[in-house]
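Here you get one chain, nothing else, as structure tokens; it is the form predicted alone.
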């Protein structure tokens, strides 16, 4: 067995453990526990490594918190990727956003629950990181909205305003969807319908909006 292949496997194992720490932390926070209430010893015990092993992957718990934010927002950005092909009309946009939101919440429940609970949580590092990421997502959404035919003439400030309203509605509806049992398809369908109504209500005012210069 070559020294190079052994070293590669050790590097791979270190990478695996880092991801396991992230996944386990998100799973442990998918409930009543806050990030501030998560201890390093508790996490490493669940993962099956000694506490000192944590520091091979993160310098401190704040660094883990930032990694959790990155992981959680990866799922949120996938929603924007999904709807970029459907910005030709309001109806297509709204339907795509809601369907994508539900699909990604099902696949990444722990990440969305983390954003929902920690954006007003006790850890200032995590809270501020979530706010920064939300601003970045808002900017990306504003760029996407500019592709809509009737928004091409809107200025940057107004595009950010409508993007903020839509993003806040998405986050609020995500929180409601998280509260529905995964097997309650009827309840989920009702929330999807309401989410579409929220987004359409926001977009109804778009053609009538005239910015003050």
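Residue numbers count along the first chain shown, from 1. Please read all numbers here as calculations on a predicted model, not as lab measurements.
We do not show the form predicted together with a further copy of the same chain, though everything after this point is about it.
- prompt: in the predicted bound form, which of 140-148, 32-40, 181-189, 52-60 comes within 4.5 Å of a further copy of the same chain (heavy atoms)?
  reply: One stretch meets the cut-off, namely 32-40.
In the predicted bound form, residue 26 touching a further copy of the same chain (heavy atom, 4.5 Å): Contact check for residue 26: no, nothing within 4.5 Å of a further copy of the same chain in the predicted bound form.
query: Looking at the partner-bound form in the predicted bound form, is residue 161 within 4.5 Å of a further copy of the same chain by any heavy atom?
result: Yes, contact at 4.5 Å.
query: At the 4.5 Å heavy atom threshold, is residue 197 in contact with a further copy of the same chain in the predicted bound form?
result: Yes, residue 197 lies within 4.5 Å of a further copy of the same chain in the predicted bound form.
message: in the predicted bound form, is there a heavy atom of a further copy of the same chain that lies within 4.5 Å of any heavy atom of residue 74, even though the partner is absent here?
response: Outside the cut-off, so no.
message: Counting heavy atoms only and using a 4.5 Å cut-off, do 131, 169 and 206 all touch a further copy of the same chain in the predicted bound form?
response: Yes, each of 131, 169 and 206 comes within 4.5 Å of a further copy of the same chain in the predicted bound form.
message: Could you pull out the residues of 108-139 that have any heavy atom within 4.5 Å of a further copy of the same chain in the predicted bound form?
response: Contacts from 108-139: 116, 117, 120, 122, 124, 127, 131.
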